[in-house]
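Take a look at the structure tokens below, where one protein chain is shown in two forms, each on its own, as structure 1 and structure 2.
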Structure 1
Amino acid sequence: MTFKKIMIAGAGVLGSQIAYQTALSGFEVTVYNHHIDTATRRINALKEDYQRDLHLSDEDFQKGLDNITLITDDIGAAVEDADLMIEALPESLELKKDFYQKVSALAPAKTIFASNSSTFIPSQLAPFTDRPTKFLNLHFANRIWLFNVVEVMRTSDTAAEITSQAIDFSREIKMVPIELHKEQHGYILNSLLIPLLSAGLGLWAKGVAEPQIIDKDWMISTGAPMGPFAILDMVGLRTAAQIEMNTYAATKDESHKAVADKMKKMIAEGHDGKEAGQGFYHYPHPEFADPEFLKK
């Protein structure tokens, strides 16, 4: 293995998935998250998905869990002896800045830093650290056990051997590494996906149609298994709302704030997406998965 010990900072939707996939692949994983009970719940909730999609037995799934250690409020203990630290914190630049400044002071010199940020490119984050030559972004798609792509984005300062090691690690956790030749906001995946999601949200915000109707049109017209609002449920509305607010802050386009406000209202009502049991659809049996959904 390229590395042995991996630290994951943040056990949100993707952080929990990255942690478990890495642990299942045989690495020692430490998860740093403020609420251990939340991290435990999210990681354990992956069992049904891994058993359904990858046919893991109870014993197989437990082997992954056995490689995970959960730590709260002690960054130093979490990053101690880590070969690689993957940050998967909420999409707030100030929050990430504070974290990187703290972890830089505590991490061993050998530790490579990587961010899973969907919003910020590595050259925006590397200056917050003490190791710009050992910094890059590793961007994972949601449901990584099935959609096993990791986009590898470096800066002009990232050492070539660090990129190579990150690519090797990606393969070792059963991902397909996609190396970008230059920095790009949104990488490849989100550069293609975000316009679809934004268009759907814009139609909803303007009152053109309800989310389920927008999804139905897209699914019937393209043959896609889900529409933009079902995808947003998978991502989680908190993340989507934060991205819309970040876009509003950068562009001052009021339409993004209007969309974020509508999602914040849903979040306040507990409708945060699939993980919460309800977002634009109800889970675990969402309406869009019903064969009759496209026939009405």
Structure 2
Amino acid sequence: MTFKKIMIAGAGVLGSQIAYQTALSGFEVTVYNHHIDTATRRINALKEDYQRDLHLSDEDFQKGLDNITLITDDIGAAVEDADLMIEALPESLELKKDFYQKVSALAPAKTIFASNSSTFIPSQLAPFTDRPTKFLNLHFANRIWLFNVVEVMRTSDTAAEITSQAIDFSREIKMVPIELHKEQHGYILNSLLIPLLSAGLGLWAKGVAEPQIIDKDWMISTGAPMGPFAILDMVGLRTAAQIEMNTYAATKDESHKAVADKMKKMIAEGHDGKEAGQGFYHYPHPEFADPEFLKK
């Protein structure tokens, strides 16, 4: 293995998953999070998912846990001797800047820094560090044990061997690395997905067709297992409405506000998506998963 010790900063939705997947793959992991209780709860909650989806025994799951050390309020101790530090802190540029300045002063020279940021490209973050040649983004997908891609995005300053070491590491934790040759907001997946979701929402807001009909056309015509509205249920309507409001604020295009308003009405009725049991479909047995759905 290229690396031995990995630090994960932030044990929220994504950080806890990256930490556990890395620890399960045999690396020594330190997790730095503001609150130990939240970090412990999040990591332990993964047991049910890993046992259901990957059939891990109690013993197997515990082996992963044994490789994790949780640390709060001491970045220096968390990053000590780390070969790689993956940052999964909240999506705030100010917060990330503060963290990168602090960790730069405390990390050994060998430590590679990687951000899991969904919206900031690496050249926005690297200047906050003392090591732009050792900086890149590693963008994981939610539920990484199942959706095991990592988008690898470097800057023009990132050293070639750092990118290849990060790619080797990604494979060692059972991810499929997707290497981007240029910086791109939204990476590959969101550059494709967000326009698709927005187009579906736009058709609905204009009254062209109802969500399930739009999905049905997409699914039959392309063979895809889900349409845009089934995907929106998975993402959650709160996030989707927020993205539409942000687009409205940036473009003043009223159609985005109309779409957000329609979703806000559903949210107010408790129909936030899959997690709430209802969104554009009803869960746990959504209509689109019924074989009859595509037949009429």
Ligand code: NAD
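Note that the coordinates shown come from a computational prediction; the quantities given were computed from them, not determined experimentally. Counting starts at 1 with the first residue of structure 1 and goes up one by one along its sequence. Each form is matched to the other, and the largest set of C-alpha atoms that superpose within 1.5 Å is called the rigid core. Residues that one form lacks are left out of the comparison.
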The form predicted on its own: 1 or 2? 1
For residue 143, decide whether the Cα shift between structure 1 and structure 2 is 2 Å or greater, given a superposition on the rigid core. no
Any CA movement of 2 Å or more for residue 246 between structure 1 and structure 2, core superposed? yes
Can you give the angle, in degrees, through which the smaller rigid part turns between structure 1 and structure 2? 25
Angstrom shift of the Cα atom of residue 197 between structure 1 and structure 2 (superposition on rigid core): 5.4
For residue 290, the CA shift between structure 1 and structure 2 after fitting the core, in Å, is 10.3
Moved regions between structure 1 and structure 2 after rigid core superposition (C-alpha shift of 2 angstroms or more, 3 or more residues per run) are 192-296
